[in-house]
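Just so you know, structure 1 and structure 2 below are the same protein chain in two forms, each on its own as structure tokens.
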Structure 1
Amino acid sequence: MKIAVCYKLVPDEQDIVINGDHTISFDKAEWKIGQYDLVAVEAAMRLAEVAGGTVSALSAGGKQLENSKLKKNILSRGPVDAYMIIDETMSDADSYQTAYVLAKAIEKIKDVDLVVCGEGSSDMYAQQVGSQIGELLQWPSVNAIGTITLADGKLIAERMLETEVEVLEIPIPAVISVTSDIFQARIANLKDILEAGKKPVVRWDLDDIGGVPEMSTNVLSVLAPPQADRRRVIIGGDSGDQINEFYEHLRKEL
């Protein structure tokens, strides 16, 4: 089984600055691999270990992808190689552009049996890219997978719904998006990091995959919500009167 796992570089939230006009500055932010995507890598590796397959890392973005430390970071977690579509256009790409470029890259890689995505990106968290990749490839696509196993060449996935667990049998090839609690992302050891520097990295630009469509959405602004002062109302106990008092406070605020 050949698995492609998608990941995205995102700014470290600890370095994000909120300006006085509520605009957001990433100027001082270091870049890292999204935490949801690290979980997806772990899910892909576990499936590959069971099926005797290989995992390739796949990402599209700007010049941050060229960072050697981040290349080693992703490859030290198990993938045998990495494919990167690097163009500054992709730094501000919307979910459809990202899915389109990744789908074209998957077709170019060839013989991919399974695409694994995280439940959403750590920055925008739109939760759309995995489903759109499946639509573009015309493959079955299932999101919110909390448990995944292999049986008779098919994927057996479980999704936790509001009042029940849904069990799905997914034919391959397919695209799946896994939840953040499906596995705990592994921590690479020194040997893994040293070996990661020797693994192949294939770099493409947009021309190599046939370009990218125009943005399907227009972002007017991205603003942080205004800070709200805490009310500091503390109600202790669980009697009916105290619950009613708590409710009245909520009702007034809403």
Structure 2
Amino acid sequence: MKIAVCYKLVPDEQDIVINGDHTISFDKAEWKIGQYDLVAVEAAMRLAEVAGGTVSALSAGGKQLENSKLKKNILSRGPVDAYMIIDETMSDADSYQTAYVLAKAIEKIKDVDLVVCGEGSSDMYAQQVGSQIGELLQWPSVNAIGTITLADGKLIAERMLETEVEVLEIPIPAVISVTSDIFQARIANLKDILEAGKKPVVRWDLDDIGGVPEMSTNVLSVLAPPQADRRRVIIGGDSGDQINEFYEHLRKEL
């Protein structure tokens, strides 16, 4: 089975700087692989390990994708190779554009049986790309997959909905989005890391996959939310008197 797993590079939200005018800046941000995407990679790897097959990593984005440490990082998680569609327009792409480009790339890679996506990207978290790729490829797609196995050439998966679990039979080729706790992302060891540097990386630009549609949304603003003013009365310890002081504040609110 040939699996493609999609991942997105995102700025580390710890490094976001809020400017005086409430706009936010990522100038100082380190980029990382979205944490849910690492889980998706793990799910893809586990499936390939038991069902046989290979995993390719796939991403569309801006110049951060060129970062060689991030390339090694994704490849140290197990995929045999990586495909990247690099163009500055992709760093602000909306979900449809992203899904469109990834779907084209999947067609170009050829013979992909399964596309695995994470629950959502850890920056926008719209949780849409997997569902949209499926539709663009005209393949069945499902989200919220919490367990997955392969039997007789079909995927058997459990879908974790809010109040029920569905056991699904998914014909391949297909696109699935996995839950954030389907697996814990693996820890790469030294061998994985050293091998990662030797794995092939295929780089395409938008022309190679036939361009990208216009954005379907306009971003009007991205602003830090106003902070509620809090009293911040902090009691420095938990002696009897101090708990009492805390309780007195609480009592007034009950």
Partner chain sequence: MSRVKDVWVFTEKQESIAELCAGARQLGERVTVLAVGSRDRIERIIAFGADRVFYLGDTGADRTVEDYAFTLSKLIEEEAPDLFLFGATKRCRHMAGRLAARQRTSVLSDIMEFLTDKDEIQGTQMVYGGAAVRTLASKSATVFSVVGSGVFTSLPEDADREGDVRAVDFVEPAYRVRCMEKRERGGTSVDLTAAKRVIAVGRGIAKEEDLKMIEELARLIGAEIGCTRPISEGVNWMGRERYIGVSGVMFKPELYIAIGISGQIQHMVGCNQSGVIFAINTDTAAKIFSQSDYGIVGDLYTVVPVLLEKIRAAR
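In this text, rigid core is short for the largest set of C-alphas that superpose within 1.5 Å between two forms. Here, a residue number simply tells you its place in the sequence of structure 1, counted from 1. Only residues modelled in both forms are compared. Please read these numbers as outputs of a predicted model, since none were measured by experiment.
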{"item": "Which of the two shown structures is the form predicted together with its partner chain", "value": "2"}
{"item": "Large Cα shift (2 Å or above) at D241 between structures 1 and 2, core-fitted", "value": "yes"}
{"item": "Threshold 2 Å Cα movement between structures 1 and 2 at L161, rigid core reference", "value": "yes"}
{"item": "Core-superposed comparison between structures 1 and 2, E214 Cα displacement 2 Å or beyond", "value": "no"}
{"item": "Sequence-ordered runs, three or more residues, C-alpha shift 2 Å or more between structures 1 and 2, rigid core", "value": "19-22, 160-164, 229-254"}
